[in-house]
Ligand code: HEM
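In the form predicted on its own, a lone chain appears below as structure tokens.
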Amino acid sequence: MALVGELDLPELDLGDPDLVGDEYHRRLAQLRSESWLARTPVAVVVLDRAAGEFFLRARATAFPGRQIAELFGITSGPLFDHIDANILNLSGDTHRRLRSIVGGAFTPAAANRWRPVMRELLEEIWKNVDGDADGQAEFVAAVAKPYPALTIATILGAPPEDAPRLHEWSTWVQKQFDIRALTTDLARIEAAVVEVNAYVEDLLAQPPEASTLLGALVAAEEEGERLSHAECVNLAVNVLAGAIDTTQSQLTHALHLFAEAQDQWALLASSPDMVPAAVTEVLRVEPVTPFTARICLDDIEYHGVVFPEGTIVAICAERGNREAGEAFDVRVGHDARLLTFGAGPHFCLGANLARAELEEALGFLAPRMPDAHLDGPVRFGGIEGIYGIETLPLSWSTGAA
């Protein structure tokens, strides 16, 4: 039995600015050909799907938010308090209670109830795109950025004019998972945490509508011991922070993939029943959370290797998902059980909502952007936290539906 620390493993530099786009996929594929494990300065990377599922589901692992914060000297203050209270970092009875309270707002049926709102928002967003450009747009700013922020504002019960602020806060609070940003932008991350908590407190000071997520949380709080006020605020902040930047990034990756596979984009326009499969394929090929971390609470043995207590492992969803194939093809119909949303007790609460948003967006855009193709250089974000695309210039044929 070998200790993981004694193995001669290939190295992966997550902070390498060249580790994006095709080079990112090529390099991860090369690492996987050498081993099912790789090493970074902070964690051991798991490149095998079965091993990834094992660590995500294991009872002897937990999300290491507190430990990673401590590695960067974050042991007190607003960000530490936010990380400490984040549902990702909770376990046992407290975690189960909070998930049971908020989970009802994120079932497939609950997500489907918001689809008419998503369509209305897309119609309004498209008026600006269609009116200001002649078959051209920088897709991130025009569509991908406003759409999820407006959706979450509606679901929370926040004024739509606050959507840009919600987006800004989401982007910065999500950088708690970005090891580069924790070094360079800690003050701005902490400011966003303070600002968004104050904003949620202000929203809760006015009785929210019962149909909104805040209304459901307030109802649970008023029942007494089910939900404290602090937990109510934390859950709302978790949803706000986790459901905007991620969906923006996933939608942008989707259009980038289709811009390089125009036959599949045309298929989507003519066969809207293919949209759910297309969303699954986007989530499979280009997960915006390429690495999901876990810490070993005890010594864990897997595949003849011992991972000592305290070892941080980073499960690579990109490699796990791509064991089914490297090529992007919506016609294949790959297994929908992906690592993109994690697995086990911390499986992403917002997975159904994210799928609904992506399905509505692709179904709406495909017939309106025929022959969509790249119209300039693509600028990628880094893979250290949420992997997104910062600029995506597109052109398409005019005279569409």
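Since we're looking at a predicted model, the values are computed, not measured. All residue numbers refer to positions in the sequence shown, first residue = 1.
FYI, the form predicted together with protoporphyrin IX containing FE (HEM) isn't displayed, but the following is about it.
Though protoporphyrin IX containing FE (HEM) is absent from this view, in the model of the complex it lies within 4.5 Å of a heavy atom of just one residue from Cys348, Val42, Leu374, Ala60, which is Cys348.
Site annotation in the model of the complex: the residue of Thr252, Thr311, Thr289, Asn197 reaching within 4.5 Å of protoporphyrin IX containing FE (HEM) with a heavy atom is Thr289. Phe106 belongs to the set of residues with a heavy atom inside 4.5 Å of protoporphyrin IX containing FE (HEM) in the model of the complex.
Of the heavy atoms in Phe55, none are within 4.5 Å of protoporphyrin IX containing FE (HEM) in the model of the complex. Contact check for Phe341: a heavy atom falls within 4.5 Å of protoporphyrin IX containing FE (HEM) in the model of the complex.
Proximity of Ala366 to protoporphyrin IX containing FE (HEM) in the model of the complex: non-hydrogen atoms within 4.5 Å are absent; the residue sits far from the partner. Heavy atoms within 4.5 Å of protoporphyrin IX containing FE (HEM) in the model of the complex are found in one stretch of 74-82, 237-245, 299-307, 320-328, which is 237-245. With contact defined as any non-hydrogen atom lying within 4.5 angstroms of protoporphyrin IX containing FE (HEM) in the model of the complex, the contacting residues in 76-99 are Ile87, Leu88, His95, Arg99, given in sequence order.
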